[in-house]
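Below, in structure tokens: the form predicted alone, a single chain.
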């Protein structure tokens, strides 16, 4: 059944909250660490003081770690589906990645194979973000709690590893924001109330839509009418 005759329910509210809490924490962590790397942001030290920024960094770090753990309870369905599908990379995903670059300029690729709940680009991004989260958490924990416990040479390596991973994750986040707001703004709607337009879902996640119709969760006639509107 479609929502308001034109939208497909894709994410639960719990999963939407999980996404935004994770995003806010990541950018706050990045912001509170910037004065360490660029003099341009030294004014933050002048405004708030180094100790305040350090405490804020640790505060958001704790939430950053706990958020997905809480999500396993509050957004179990979404988390479970994400982990069950994100690593099922197949030939259709390879084709997606080959054809996808033209979408960066707002052109939907021709002859794109139907994608599932997560398309090839989303799977790659999620897998990358999971790996980045793990590296940031482990390296951050060593830097925070490892003094006198972990060998100093290992802790020394954690600093560039933590910084490099944060920079790469930030670049990935900017790309993700660009795709969600400029290239495919309909996808952004999915992280507002959990629904996406039927037209967008059919074009970008056609295999998933076919499964929904086959399982009786979406009426084919209702879908056809939404695609015509």
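Positions refer to the first chain, counted from 1. Small disclaimer: the values here were computed from a predicted structure and weren't measured.
Just so it is clear, the following notes concern the form predicted in complex with a small molecule, a form of the same protein that is not shown.
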**Item:** Per-stretch contact check against the small molecule in the model of the complex, the hit in 124-132, 104-112, 154-162, 141-149 (non-hydrogen atom, 4.5 angstroms)
**Value:** 124-132
**Asked** Three residues, 81, 87 and 95; all within 4.5 Å of the small molecule in the model of the complex via heavy atoms?
**Response** no
**Prompt:** Can any non-hydrogen atom of residue 9 be found within 4.5 angstroms of the small molecule in the model of the complex?
**Reply:** no
**Prompt:** Heavy atom to heavy atom, is residue 27 within 4.5 Å of the small molecule in the model of the complex?
**Reply:** yes
**Message:** Considering non-hydrogen atoms and a 4.5 Å limit, does the small molecule approach residue 173 in the model of the complex?
**Reply:** yes
**Message:** Given that the small molecule is not shown alongside this chain, does residue 118 nevertheless sit within 4.5 Å of it in the model of the complex, heavy atom to heavy atom?
**Reply:** yes
**Request:** With the small molecule left out of view, choose which of 203, 31, 65, 191 has a non-hydrogen atom within 4.5 angstroms of it in the model of the complex.
**Result:** 191
